Each structure stands twice: as C-alpha cells, then as structure tokens.
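For reference, the chain that follows is the form predicted alone, supplied as structure tokens.
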Amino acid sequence: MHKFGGHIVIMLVLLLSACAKREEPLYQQQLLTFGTIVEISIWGAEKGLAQQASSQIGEDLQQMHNDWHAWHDSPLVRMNQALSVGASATVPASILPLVQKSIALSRASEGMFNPAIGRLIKLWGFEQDDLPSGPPPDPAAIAALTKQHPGMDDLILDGGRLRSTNPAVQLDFGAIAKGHGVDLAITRLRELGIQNAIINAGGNLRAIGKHGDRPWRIGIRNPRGEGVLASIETRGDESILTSGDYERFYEYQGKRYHHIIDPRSGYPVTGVISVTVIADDAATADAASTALFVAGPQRWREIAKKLGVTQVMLIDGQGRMVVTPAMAKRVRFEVDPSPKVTVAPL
C-alpha cells in the first residue's frame, strides 16, 4: 500500500498590499528526503529561523526514513526478521508510536488499511524506487500469500515487545509513514515557534495557520488529465491527502497495475481512481485515504464512519465523483465545465 507522487500541490495566492514592491514573508524550501520531495512553506517567520527549521525537518525526516524503511537495513527490517520466525522483537522508540497508531487504524478500518502485507508489496515489486516491469506476479504466489491472511490483529504488543502469531506478517508502513512523519515535522515547527506553514511530503500534506490574511489553498490533481481538478482552502490545522491509481503504476499488455493492493485479493484495487480525505492529522488522512480506496464504491462510506472521517471525495472507475456533505462545502472545482458530483451522506 505504498503511496508516492505529487498528487497534491500548494496553490499559493499572492497577497496584495499597499507596498507592492515589498517582499512577502514567505519562505519555501524543497528537500529530497524520506524517499520523496518534501516541500516546506513557512509564512511570517524570520528567514534565519525558517532556514533553521527546514534544515532540522530534513534531518528528522531522513532519520525516520532510515528507521522505518521496510527493505533496506533498518530497525524495521530487523523487527520483521524476528516476526517471521515467531520471535519476540524489541520495538525501537522511534517505531513504537507508528505501530500503535497502525494497529488502531487497521482495526477501525476492518483491515482495509493493512501494513502487515509487506510480502505482497514486495511480490508486486512496489517496494523499490524503480517501477516494476513485465508481467504481474504468478497468481499462485499471490494466492499463497493471501491465503495466510496477514493482518495487524496477528500482532501482540506487550509494552515495548512485539511478536506475531502469523509468520506471513511483514510490516510495511508505506501507507502511513509519510503522514506520521509530516505530523512529527509539524510538531517540530511549533516547538521552534512557527505557527503558519505547510509541509508536503510527496502529497502527504498538513497545513497550520494561514498564508498572511487568508487561508492556504491546496490543489487536487486531475487523476485523468493535466493540471488541477479542484482546490480546497485550509481551516487552521488540518491535513489534506489524496490516494490515486496514477501515483505509482505500470502497464503490461494494455492493463494498468498500480501500487494500492487490496489485502483481501492480493491484487491492485479496481473500481476507484482516487480518494481525497481531509482529517485533523496527516497519519489518519494517509491511512484513511488508502482504506477508503480499498473499501471501494460499495463500502467506503461505512469505513469512513468507522474511522471518524467526514470529509471525503471519491472518484470511481468510470470517473464519477461522490463527496460527503462536509466535503461538498469545502471543494471548489477548477475545471470548466464543472463535473457532475453526487453528494452522499455517511
């Protein structure tokens, strides 16, 4: 359930002032860390402080990436090795909150968000930086893994020790790690006294405060076209995140295979193109967007209620858009003509 790609963009609205030539107090920085491009926008802070904060965030995110990586040598890899042989593993302090949050969100989503399917992610080849090529995996290999039903409920967390009752469990936090990392980065900004900022780690975005005297404005990428489909103005502190089948995919013999794997079937989800979620924190938005994508057109509203998510926009495989009433009040379409949208209560 890896998620990468620039599917959310920051639409900075320039402020007009009586002093038109005055440089506005906006600091922007791009970092290549956490396996993606991280965009940092800070409003109203002294330049030296903004530079210091950006540098610190870069270091923090790189350390998280090193600790949470599911395939390179890391504390998480060593944990997975222990789990695969039925041994108990010590959970490092840097990983424990991620494990706890993932267990809770997986249970609330009825396993639609499932970081225990790392073996399936690897089988499909989506664990690596380069996209897979060639035919999809052997159906027998997929069936053998899904038959073992690896899930977060197979984990037993006792204090700082973790073990699994299912040797097929292999943890891969690709569908929540960047969101959790962004939340920690926002906490760091606040510790440094910064109150107006956006951190966008490959589309995992959280905004705090404002862009001067107006809200930050976030653009949602058109999943089947160029440019921006819609925009949303932020309200104080919140996260906006989109999962889409266009983020990481390859085609083989005319068929698209994308990176969001259904834990139940072992295959990429069909019937959904994208899901946009607004939530209080980026980790919840990250996990929820994946869970609702997997739940699909039939069950996404039910799973959204269980996760406590009320602001959702889903685009199905035919391009039809469905929004919750709360999202309908927030989203502004940037294409002409505006698409037909169905408002569906939870």
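So that there is no doubt, residue numbering starts at 1 and follows the sequence shown. Just so you know, these numbers come straight off a predicted model, no measurement behind them.
There is also a form predicted in complex with adenosine-5'-diphosphate (ADP); it is not shown, and the following applies to it.
> Is there a heavy atom of residue 121 lying 4.5 Å or less from a heavy atom of adenosine-5'-diphosphate (ADP) in the predicted complex?
Because a heavy atom of residue 121 falls inside 4.5 Å of adenosine-5'-diphosphate (ADP) in the predicted complex, the answer is yes.
> Using 4.5 Å between non-hydrogen atoms, is residue 294 touching adenosine-5'-diphosphate (ADP) in the predicted complex?
Within the cut-off, so yes.
> Would you please decide whether residue 207 lies within 4.5 angstroms of adenosine-5'-diphosphate (ADP) in the predicted complex, comparing each non-hydrogen atom pair?
So residue 207 does not count as contacting adenosine-5'-diphosphate (ADP).
> May I ask you to check whether residue 238 falls inside a 4.5 Å heavy atom distance of adenosine-5'-diphosphate (ADP) in the predicted complex?
No, residue 238 is distant from the partner.
> Please identify, from 73 to 81, 170 to 178, 143 to 151, 227 to 235, the stretch that has a heavy atom within 4.5 Å of adenosine-5'-diphosphate (ADP) in the predicted complex.
Answer to the contact question: 170 to 178.
> Only one of 164, 200, 276, 114 gets a heavy atom within 4.5 Å of adenosine-5'-diphosphate (ADP) in the predicted complex. Which one?
None of the other options qualify; the answer is 114.
> Pick out the residues of 247 to 269 whose heavy atoms come within 4.5 Å of adenosine-5'-diphosphate (ADP) in the predicted complex.
Counting only heavy atoms within 4.5 Å of adenosine-5'-diphosphate (ADP) in the predicted complex, the contacting residues of 247 to 269 are 247, 259, 260, 261, 263.
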